[in-house]
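Read the single chain below, which is given as structure tokens and is the form predicted on its own.
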């Protein structure tokens, strides 16, 4: 059986150890010959990499491991690139969240003005990774779960239309896990129908493999409790702000009683509520820096200082199972059904065929093939048309260096109350992102 070579782009991420632990836990079904880390932040990556090297000597000494900031070393002789980069790091994420809040607007890393700012920073970095991959390993597949996924996916469609890249998001996977707890099953027991854009969608069907329809039970539960579950402690996203988000799903579900909502819809359906319940001086970025960041890097430092891995310092990231399944589907042509972000091409019959949508796909050696979801209702159609226009305008603004189109994008976002506020926000974001954005004219 072939053993695969993998590079993780974003080697210094707090998610890297958990993903590696999942990969090592899955070697029986996805054998790995070599594993490389790549990051443009050498200092940050080195801490994670040194700890991972010690851990791998214990759990998988047969896997070749290395880390580098050299693109040629990183991308030569690899079968898969797993990319989860954060352009600008946490300091820029903090600004993405706090600048909009100063204007009374939703401050969130992937939605609204913060997502637009992050998207403009991410586009050149993702395109650069694609170019490295195509230069040094042209048969490699990139599994990209870098945010903001919708803007990144649209940029890839426009700028690198033939790239071997599949854009994915773990948020629906996490919510599906919560659904499985509610109905007493596992995620693998459930088949779903889902449509939308990334961080902007709805489940229309959740059934068991035997055909049992779980939608009535789930709708009843979510309408009362949101996605809060007794087993929530076992899942990712456990900070207080995330628990509030899971609970708010009850209000989201009330807007569309026959569907189950993606939790991120709260930023578009209840932006006033979000702003009112946000602390402009201590946002989600601060929670992560004070929580996950310190925990993971503290664990890495303790492994390095002790010179040994006891087995409990790094937790397996269950969300990474999705990435393993995706890589297997491509490698072994399994045609597994998975949610991916793909060009619509009629999957949603009454929607823009060139929009990047998030729908169930069959994944095999040729990539992701979207499954038809039919026509969608007027309410969701209207919301999605507005949001996809925002995303397309952001990419057009990047390509054309257009101040006007970026102003239009911000004005069109449901999170921004007026063109006046959009312009004031844009001017502040330009100043904050001058090291990262193209010069706008």
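Quick caveat: nothing in here was measured; it's all calculated off a predicted structure. Numbering follows the first chain given and starts at 1.
The same protein also has a form predicted together with a small molecule, omitted here; what follows describes it.
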> Which one of these stretches, 176-184, 84-92, 251-259, 211-219, sits within 4.5 Å of the small molecule in the model of the complex when only heavy atoms are counted?
Replying inline: 84-92
>> Counting only non-hydrogen atoms and a 4.5 Å threshold, tell me whether 14, 118 and 169 all contact the small molecule in the model of the complex.
In response: yes
>> Going by heavy atom distances of 4.5 angstroms or less, which of 313, 317, 125, 343 would be at the interface with the small molecule in the model of the complex?
In response: 125
> From the list 325, 109, 79, 134, which entry has a heavy atom within 4.5 Å of the small molecule in the model of the complex?
Replying inline: 109
> Quick one: does residue 200 come within 4.5 Å of the small molecule in the model of the complex, counting heavy atoms only?
Replying inline: no
> residue 400: heavy atom within 4.5 Å of the small molecule in the model of the complex?
Replying inline: no
>> Would you classify residue 195 as touching the small molecule in the model of the complex, given a 4.5 Å non-hydrogen atom cut-off?
In response: no
> Using 4.5 Å between non-hydrogen atoms, is residue 64 touching the small molecule in the model of the complex?
Replying inline: no
